[in-house]
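Here we start with a single chain on its own, the form predicted on its own, put down as structure tokens.
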Amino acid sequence: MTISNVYKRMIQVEAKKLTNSVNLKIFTTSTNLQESVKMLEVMEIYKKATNGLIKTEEYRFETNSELAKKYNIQQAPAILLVNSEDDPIIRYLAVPSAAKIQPFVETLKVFTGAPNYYENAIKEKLDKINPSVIKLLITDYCAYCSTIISICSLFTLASEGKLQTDIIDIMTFPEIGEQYEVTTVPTLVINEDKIIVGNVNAEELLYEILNKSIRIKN
């Protein structure tokens, strides 16, 4: 599968903004071979555009079950960012193309030391944040998905391990979209019991993370 020249150029432009090296773990699978091949192809574009600053370790899901279990990888293909303790913090069950290009690079920049716009806001509330997993369900052509990917990712990077984010493309994993009865993207699922549908800003998301009640946003 060949990525379009438009997205290839977008990756090349954005990836040049990365200045520090980063290592990513990639899980591929023979049962979703087309998307696995696409993910590897796209990541090669990123690696070449950064002159090797992006490095990858590839694992086949079927033959690395213990490692997949350790990182809580239940579907593939997936890209994984782990912290200094080797704990998974951000999982991309999504090829970083189209609307995902800019937030993906922004995440890598902050992950490798660039300033985090949301760091102070998260640090101020850190003692009130319970360990949480955010599942962000998206598609390539969602108007608001790029912004919310950035917010969730940067919140996670500022949370000192209290937050984890899974970014899930429901076109690649339709069974996950069906599981959560997704009809609109973005859809956020927080700890499996709090669902936010549609556009949401950083202040609203932080409120929902702190608030234990379940609320549906339209």
Partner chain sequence: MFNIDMEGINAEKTYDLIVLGGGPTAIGCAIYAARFAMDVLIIGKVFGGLIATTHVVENYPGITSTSGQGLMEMFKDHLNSLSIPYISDEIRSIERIDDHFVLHSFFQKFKAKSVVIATGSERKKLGIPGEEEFSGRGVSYCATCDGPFYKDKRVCVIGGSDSAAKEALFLSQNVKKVFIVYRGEEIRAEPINKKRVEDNEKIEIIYKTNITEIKGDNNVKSVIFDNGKEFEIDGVFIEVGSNPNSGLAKRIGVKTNEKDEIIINRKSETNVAGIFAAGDVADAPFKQAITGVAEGVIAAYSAFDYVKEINIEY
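No experiment lies behind these values; they were computed from the predicted model shown. Residue numbers count along the first chain shown, from 1.
If you look for the form predicted in complex with the partner chain, you will not find it shown, but the lines that follow are about it.
- Of the listed positions (31, 184, 179, 191), a single one reaches within 4.5 angstroms of the partner chain by any non-hydrogen atom in the model of the complex, namely 184.
- Contact annotation: of the candidates 150, 64, 164, 172, the single residue with a non-hydrogen atom within 4.5 angstroms of the partner chain in the model of the complex is 150.
- Interface membership of residue 208, defined by any non-hydrogen atom within 4.5 Å of the partner chain in the model of the complex, is ruled out.
- Taking the partner from the other structure, the partner chain in the model of the complex has a heavy atom within 4.5 Å of a heavy atom of residue 155.
- For the chain shown alone, residue 201 is a contact residue for the partner chain in the model of the complex, at least one non-hydrogen atom being within 4.5 angstroms.
- In the model of the complex, no heavy atom of residue 89 sits within 4.5 Å of the partner chain.
- Taken together, the three residues 23, 56 and 58 lack any non-hydrogen atom within 4.5 angstroms of the partner chain in the model of the complex.
- Here the chain stands by itself, but in the model of the complex one stretch of 109 to 117, 68 to 76, 81 to 89, 128 to 136, 109 to 117, has heavy atoms within 4.5 Å of the partner chain.
- Residues are counted as partner-facing when one of their heavy atoms sits within 4.5 Å of the partner chain in the model of the complex; in 119 to 154 these are 121, 139, 140, 141, 142, 143, 144, 146, 147, 150, 151, 154, in sequence order.
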